[in-house]
Structure formats: structure tokens, C-alpha cells
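First comes one chain, alone, set out as C-alpha cells in the form predicted alone.
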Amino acid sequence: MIDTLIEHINSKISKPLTENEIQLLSEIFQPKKLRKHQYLIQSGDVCKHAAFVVKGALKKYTIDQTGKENILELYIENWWAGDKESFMIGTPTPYYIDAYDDTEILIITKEDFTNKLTKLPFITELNNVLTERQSFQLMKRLHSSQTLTAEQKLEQLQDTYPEFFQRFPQHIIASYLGMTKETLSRIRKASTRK
């Protein structure tokens, strides 16, 4: 499992990891398996682990007063999962993250991240790359939610993350896009007729 993480990190940084850095990562990242629907974190908890998805898929969501899930993020292989604010600051999270299907992750504790990794140059570079990417994605998502039509949102998601459509069912995709599954179904049927 650690080889997947090493490969991921090496693809994001300018110099390959050293043997000592690889050894350190092997020691501090712990493998964990989540069964389908098992929580990584629940609303009200403090996020004590950052997770790297090796195999499987997770979803991050809130639950409204009617009991409806509102999907905020979807995670698949080679993605990082968690609540960064809760992890870094120690505040309770308002989110749920659970496994959409049986999932294998590598987790690191806040203590190990802070005490053993933050001083290493590759972590600063990796964090900068991932934070920049996440910032761009969030701005794109905000722009999409406020300015695009339902059809345009669907098209943008298909262009950006086509793999989501093979991994997640229609009701999850619809919630992620901020629409009902009926609206999503109608749009997809209309687009296949064109």
C-alpha cells in the first residue's frame, strides 16, 4: 500500500523521495480498511487522521434537517480525504465521511504529521501543490454552482472527473452537483437524444 503513496508523492514533487523519507513514511502511515458505509469521521468529531485513498471510494457530506445527505466531496484512489480545518486546528467537524464501497486507506495522525513531517522540504512542496490544486477546484466548483445551468454543471463534471460516473450512482452525482436525481436523469436522457 505504501508504494502507491510513494508513487503519488513522487508525481507531485520536483525531486524523488530519498530512502530515509520513504522509510519514515512507511513507519508513520498506517493501513486501514473501511467497510462500505463505515465512517472515517462523523459530524462533531475532531479529525484526528488525514487519509490517503489507496483503493475504493469515500464521500464527504452534511445531513440537513430533513435527513437528506448533501454531498460536498467525493474521493477515489490517489486522493486525500479528511477535514483539513479540523485536522490542523482541532475544531469539531460538521461533516461526515464514509466509505462508499470497501476502501483501503493509509492514515497519519496529527501528531505524526506535525512532529515528524512538517519540517521536511518535500512535505512543504507537496502541501503547496495540493493546496493550490484544491483552491482552484473549490473556486471552479463555487463558480459552477453560482453561474452554470444544470446541463453545464453536468458537462463540466463529465469533462473534469469522468471516472465519477463509473464509481458513484446517479443520486450521489446529483447531490454532488446540487440537483435532484430526477433532474440529473432528465438532463442525461436529453443529452443522449442529441
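The shown structure was predicted, so the numbers you read here are calculated from the model rather than taken from an experiment. Start at 1 with the first residue shown and count on from there.
Same protein, other form: the form predicted together with another copy of the chain, not shown, and the subject of what follows.
(request) Check, residue by residue, if Asp102, Tyr161 and Phe165 all come within 4.5 Å of another copy of the chain in the model of the complex, counting heavy atoms only. (result) Heavy-atom distance to another copy of the chain in the model of the complex: none of the three under 4.5 Å.
(request) Mind telling me which stretch in 49 to 57, 23 to 31, 36 to 44, 63 to 71 gets its heavy atoms within 4.5 Å of another copy of the chain in the model of the complex? (result) Contact criterion met by 63 to 71 only.
(request) Tell me, yes or no, whether Glu85 is in contact with another copy of the chain in the model of the complex, where a contact means a heavy atom of each within 4.5 Å. (result) Yes, Glu85 lies within 4.5 Å of another copy of the chain in the model of the complex.
(request) Using the partner position in the model of the complex, report whether Tyr96 sits within 4.5 Å of another copy of the chain, counting heavy atoms only. (result) Flag for Tyr96 set to no.
(message) Is Asn78 part of the interface with another copy of the chain in the model of the complex - any heavy atom within 4.5 Å?
(response) Judged by the heavy-atom cut-off of 4.5 Å, Asn78 is well away from another copy of the chain in the model of the complex.
(message) Residue-level contact is defined here as any heavy atom of the residue lying within 4.5 Å of another copy of the chain in the model of the complex; does Gln156 satisfy this criterion?
(response) Residue-level check for Gln156: no, no contact with another copy of the chain.
(message) Need the contact residues for 116 to 141: heavy atom within 4.5 Å of another copy of the chain in the model of the complex, sequence order, or none if there are none.
(response) Going through 116 to 141 in order - heavy atoms within 4.5 Å of another copy of the chain in the model of the complex - the hits are Thr124, Asn127, Asn128, Thr131, Glu132, Gln134, Ser135, Phe136, Leu138, Met139, Lys140, Arg141.
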